[in-house]
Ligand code: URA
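Presented as structure tokens, the chain that follows is alone, the form predicted alone.
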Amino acid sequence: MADTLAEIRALIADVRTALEDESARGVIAEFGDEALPESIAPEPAPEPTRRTRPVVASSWARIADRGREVAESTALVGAAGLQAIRQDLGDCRRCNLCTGRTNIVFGVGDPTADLVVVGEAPGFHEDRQGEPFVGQAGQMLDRMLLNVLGLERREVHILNVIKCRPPDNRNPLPDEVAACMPFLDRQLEALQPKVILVLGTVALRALLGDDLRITRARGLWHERRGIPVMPTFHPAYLLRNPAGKRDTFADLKAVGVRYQELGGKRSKPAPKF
């Protein structure tokens, strides 16, 4: 009887823990004003003596422990990881940008891409279509990737730091960046790229530090959590300042060399530099 009671208490504790975890992630709503019952934990096992035997962990407890071990050791990557992050993002209301957006712009491209491109924020066309880099700047980015790196848009993954369009395409505010960064961090963890290409000052500072300037950081290799990062000018800047194309071309050539050295995948022969 004592062993059976211990197993029941262990099962109740495991269910309680699971419900609390789900509630913390927003999966289960709060139970109104009614307080949840206090946690019920299994009693500690008595010290073995000649007259008592150790309490054996219940089958439910062993299953729960194994499930937690698997969850902690197996991070969701690729398409499954991105889908889970998108579900967690939901109909995001974490900053004021939600009031003026048409669509959340989450990201696009190969979920197993070895090259990830990180831009600043959606513009007018991106907000309407729900996809990053689809306006004039996006068309220039497509040409940059194809003509210099030999990679089509579908072969890379393209993200923005900010998921909603700022009014009049202004620079994102610090609180807006802070609201989106946890999701960008998780996207990069799910993608596990070999190389990251950063476009423009906003993305540069979000990923590598507030004290950096694109004019000084571009063309130099940086590192973020063990991944090589190359900053360069944003295509929108190049549309206004064509003289920057020469430097950007050199930056992309360096990305191409590093990408090949790291064994980045592609579906077509790499261009000759």
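Since we're looking at a predicted model, the values are computed, not measured. Residue indices: 1-based, along the sequence shown.
Same protein, other form: the form predicted in complex with this ligand, not shown, and the subject of what follows.
- In the predicted bound form, this ligand lies farther than 4.5 Å from every heavy atom of residue 117.
- Taking the partner from elsewhere, residue 218 is found to have every heavy atom lying beyond 4.5 Å of this ligand in the predicted bound form.
- When this ligand is considered in the predicted bound form, residue 195 lies well away from it, no heavy atom lying within 4.5 Å.
- Within this chain, residue 123 lines the site of this ligand in the predicted bound form, having a heavy atom no more than 4.5 Å away.
- This chain is displayed without this ligand, yet in the predicted bound form the stretch 128 to 136 from 143 to 151, 128 to 136, 178 to 186, 106 to 114 comes within 4.5 Å of it by heavy atoms.
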